[in-house]
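Shown below, as structure tokens, is a lone chain in the form predicted on its own; questions about how it binds or moves come after it.
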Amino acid sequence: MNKEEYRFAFEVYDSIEELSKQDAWLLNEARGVTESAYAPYSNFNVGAVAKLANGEIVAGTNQENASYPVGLCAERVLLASASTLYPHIAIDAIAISYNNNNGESNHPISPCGICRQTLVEYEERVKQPIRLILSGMEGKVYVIEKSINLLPLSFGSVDLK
């Protein structure tokens, strides 16, 4: 038997003020777009904003539904919009933020499993990694160089061949 280990490194910033101008702008946009989320059940508004390789900006917010499992996460709304509006264009970076109306929004959150799978598939499709900038409305910021890092041993199109 062999034992293998999976690790990845990511950057941790104490606040948005430590980010580059471009990353800080993108994160501020994600923080702002949380206001457009439709989250009447969880009161947990999530916003995601992407900068595409062609310079375009695309946003997405979570969209809940009374039939709870049929809601959509902000990341998947963003990816669907980006691939519809700008087919085959890579995404350079996505900033993801949230506003928890029931509590604090002072630490980074990470995409759910379905969103991780969708991000990895998008990276695979356009053959470019997506940088993730994760934060709440304040506090620490995580920067992850490629979304595949969040889904080790992922299932992909190569597995279907």
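The first residue of the shown sequence is 1; numbering continues from there. Everything quoted here is computed from the prediction, not taken from an experiment.
Although it is not shown, the form predicted together with tetrahydrodeoxyuridine is what the next lines describe.
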Using heavy atoms and a 4.5 Å limit, would one call I109 a contact residue for tetrahydrodeoxyuridine in the model of the complex? yes
At the 4.5 Å heavy atom threshold, is I89 in contact with tetrahydrodeoxyuridine in the model of the complex? no
Test of understanding: in the model of the complex, would E123 fall inside 4.5 Å of tetrahydrodeoxyuridine by heavy atoms? no
Can L132 be called a contact residue for tetrahydrodeoxyuridine in the model of the complex at 4.5 Å between heavy atoms? no
Of these, 23-31, 66-74, 123-131, 49-57, which stretch puts a heavy atom within 4.5 angstroms of tetrahydrodeoxyuridine in the model of the complex? 66-74
Suppose contact means any heavy atom within 4.5 Å; which members of 41-70 contact tetrahydrodeoxyuridine in the model of the complex? S42, F44, V46, N62, E64
